[in-house]
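The form predicted on its own is given below as one chain in structure tokens.
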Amino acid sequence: MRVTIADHPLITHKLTVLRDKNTSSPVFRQLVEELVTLLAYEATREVRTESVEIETPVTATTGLKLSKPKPIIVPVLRAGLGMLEGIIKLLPTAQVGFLGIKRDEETLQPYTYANRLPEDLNGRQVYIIDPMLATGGTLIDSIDYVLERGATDVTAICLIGAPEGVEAVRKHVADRKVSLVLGALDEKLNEVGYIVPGLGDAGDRLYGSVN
């Protein structure tokens, strides 16, 4: 598995504001969208393209367009929805699917409660988006879900990750074609499975607590 940790001062700056507990939900949402756009530049470096002939106002030339089948973006509900607009700006013609995976707060194990994905993902490039990579369970489950449906190339984009989660995903995917793009690799997980220093519960900070 290829792991890329984005190294750009704008990404670090925006993450710093995200981490601040005093940052409001509207600002948090805006920054998440901006961060994903920046991370998506790296994540889409190997997006599949094909040559196309066009006419400019001056002459004929050859350019590139996305190959078919088009890539599919899969936000992991609910926090992944906050990242969707940021990547859609770069891939406006991509399809969008949804995957609902929740982590049991006691066992820290994920379970799937919603799925809006094509049954056949054969030959598709898939971009999974989820703000946090903590234990790795949710991302592993998401990767397995799309690979079992035929996806051959999976890239996960997370704002931050913990070393424990990255290593768990690395061991699980083995030699399958999976890439991971992170805005930052944090220090560790605490005793209840939260990333340290982290940024808290991304879903709650995006949308507010749901009781």
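What you see is a predicted model; the values in this text were computed from it and never measured. When you see a residue number, it is the position in the sequence shown, counting from 1.
Beyond what is shown, the protein has a form predicted together with uracil (URA); the following relates to that form.
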Which one, 76, 134, 126, 83, lies within 4.5 Å of uracil (URA) in the predicted bound form by heavy atoms? 134
Even though uracil (URA) is not shown here, does residue 195 get within 4.5 Å of it in the predicted bound form, heavy atoms only? yes
Interface membership of residue 18, uracil (URA) in the predicted bound form, 4.5 Å heavy atom rule: no
I'd like to know whether residue 201 contacts uracil (URA) in the predicted bound form, with contact meaning heavy atoms within 4.5 angstroms. yes
Choose one stretch from 126-134, 68-76, 112-120, 84-92: the one whose residues place a heavy atom within 4.5 angstroms of uracil (URA) in the predicted bound form. 126-134
